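The chain that follows stands alone, in the form predicted on its own, written as structure tokens.
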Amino acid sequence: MGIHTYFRSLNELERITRCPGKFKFEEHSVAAHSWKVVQYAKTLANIEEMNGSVINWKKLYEITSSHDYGEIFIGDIKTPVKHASPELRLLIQQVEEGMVNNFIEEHIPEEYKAIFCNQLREGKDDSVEGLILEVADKMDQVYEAFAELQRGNTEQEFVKMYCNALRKIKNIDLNCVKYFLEHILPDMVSEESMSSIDIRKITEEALA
């Protein structure tokens, strides 16, 4: 019982595989994904700050580092399934939030419950920090899918993941998104590839 239970539960994030059921050259755990999202978000927030935005860094680190904690209870549900309909997405979110809240209620000491509820909440919202989290989360989908396509994986799931994530990113109005599209993404698609899929072409189509 207590916070020890929370600390022990973090090990489970290392055992949850991203994009389950598909052939992958490289497996990624939810724990590794969460760490990368923090790194992306930190850099994206620096870019935003250099362009005049005020960043609540405490909030940013809290929501990015804990944004997928609820997957301990429901696993990694593939994006096409999760977003098949707004109703389904809402139901999945309600189930995840309910299970996180139950965990907090059962295991976290009373004096820390409010802190955990705040830190483990759904962090994606219309604040600059919430939008940065959204971009960082989608960026990791882009990088994971790109790495598979680059090495010759022809699973259409990764083409969809790559294109859908790019479409989501381009529609978020942040300076760091502009920087990503103009400076980082071109470097990515310029790398050598063994893929039979024209990565540059599908990138251009996704951003059209």
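Note that residue numbering follows the sequence shown and begins at 1. Given the structure is predicted, the values throughout are model-derived calculations rather than measurements.
This protein has a second form, the form predicted together with a further copy of the same chain, left out of what is shown; the following refers to that one.
Asks: Given a further copy of the same chain in the predicted complex, answer whether the residues L131, L181 and R200 all have a heavy atom inside 4.5 Å of it.
Replies: So, no: the whole triplet misses a further copy of the same chain.
Asks: Can you work out whether D173 and a further copy of the same chain are in contact in the predicted complex, taking contact to mean some heavy atom pair no more than 4.5 Å apart?
Replies: No - in the predicted complex, heavy atoms of D173 and a further copy of the same chain never come within 4.5 Å of each other.
Asks: Is there any non-hydrogen atom of V135 lying within 4.5 Å of a further copy of the same chain in the predicted complex?
Replies: The answer is no: V135 has no heavy atom within 4.5 Å of a further copy of the same chain.
Asks: Is F146 a contact residue for a further copy of the same chain in the predicted complex, using a 4.5 Å heavy atom cut-off?
Replies: Yes.
Asks: Residue-level contact is defined here as any heavy atom of the residue lying within 4.5 Å of a further copy of the same chain in the predicted complex; does F103 satisfy this criterion?
Replies: Close contact is absent here: in the predicted complex, F103 is far from a further copy of the same chain, nothing within 4.5 Å, heavy atoms only.
Asks: Residue by residue through 125 to 153, tell me which have a non-hydrogen atom within 4.5 angstroms of a further copy of the same chain in the predicted complex.
Replies: Heavy-atom contacts within 4.5 Å come from M139, Y143, F146, Q150, R151, G152.
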